[in-house]
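Below, in structure tokens: the form predicted on its own, a single chain.
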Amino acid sequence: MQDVVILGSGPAGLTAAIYTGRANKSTIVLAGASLGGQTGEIAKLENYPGWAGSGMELIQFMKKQAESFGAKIEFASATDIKFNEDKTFTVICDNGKTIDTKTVILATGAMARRLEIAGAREFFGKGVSYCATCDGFFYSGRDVLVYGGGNAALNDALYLADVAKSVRIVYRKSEFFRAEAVLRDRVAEKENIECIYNTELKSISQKPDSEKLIATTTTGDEIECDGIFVAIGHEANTDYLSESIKRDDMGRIIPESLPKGMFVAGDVHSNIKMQIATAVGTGCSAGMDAIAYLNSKD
């Protein structure tokens, strides 16, 4: 019987693990298929106080710190959580393992929202990507398109501008209302970034006798490119939870709906800003709440 099982290995989950580990609570972190969640994909992290490296470097530092206090990291994901009569939990993992635990911290974060237009699924992994830092390398010296207009889209465009020959951003509004001013200014300064406003993608197809893609817009334009990077928001990773756990319209967990002994942190938590700083803060709170709950049972 574990004291704490933490689902997710992003900043929220690893922060919670640091706190529960330091409190001498046996802690397992289910990291998923890869470490770090969205933070691990950030090439250059600028808005987390006190850190100037990449997102993965920060995650590796947090992981090492959590492990130094006894937390164990396992690369598996939860597929179900059972509520036991004795007020404990059983976490069922995708590797066939089950873990009995006194408390659970949900820190599974969010994933990129998929584009639902003709060709988006067909060409996923064949020119359509949801991770610029993962796949940008393959488009060195080539022409790419970024679809979206928030911070994520502009960050992707700036990263790709240093790799690709040209970057075109397609956005449905007349300007980047949702993005930070510093990112808007940097995009404007990049000579190889072109912004196409007031339109959306309608379909994706392949140019005949070529590996190039054709992105058709709602205004009827056809944009030829080598790759399309989609950044249109995120959806919470909560499919493994029962319907008794209430979510908001983004699928994020409403804490008040959780049973005693279960806590939530990070981007999967409703009503918080989806930032690393807030993920760390809620990870701290969830870890401390789990410790207090465990101590009350001793």
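Numbering starts at 1 and runs along the sequence shown. This is a predicted model, so every value here is computed, not measured.
Omitted here: the form predicted together with a small molecule. The next part is about that form.
Of the candidate stretches 260-268, 243-251, 225-233, 64-72, only 260-268 contains residues with a heavy atom within 4.5 Å of the small molecule in the model of the complex.
Note on the partner interface in the model of the complex: the residue among 110, 99, 183, 215 having a heavy atom within 4.5 angstroms of the small molecule is 110.
Among 179, 78, 170, 161, the residue placing a heavy atom within 4.5 Å of the small molecule in the model of the complex is 78. Annotation: in the model of the complex, residues 51, 115 and 146 none come within 4.5 Å of the small molecule through any heavy atom. Though the partner is left out of this view, residue 23 does not reach within 4.5 Å of the small molecule in the model of the complex, counting heavy atoms only. Shown alone here, residue 39 lies within 4.5 Å of the small molecule in the model of the complex, counting heavy atoms only. Contact check for residue 34: a non-hydrogen atom falls within 4.5 Å of the small molecule in the model of the complex. Proximity of residue 124 to the small molecule in the model of the complex falls within the 4.5 Å heavy atom cutoff.
Note on residue 130 and residue 76: their C-alpha atoms are more widely spaced in the model of the complex, a change of at least 3 Å from this conformation. A decrease of at least 3 Å in the separation of the C-alpha atoms of residue 270 and residue 229 is found in the model of the complex, compared with the displayed form.
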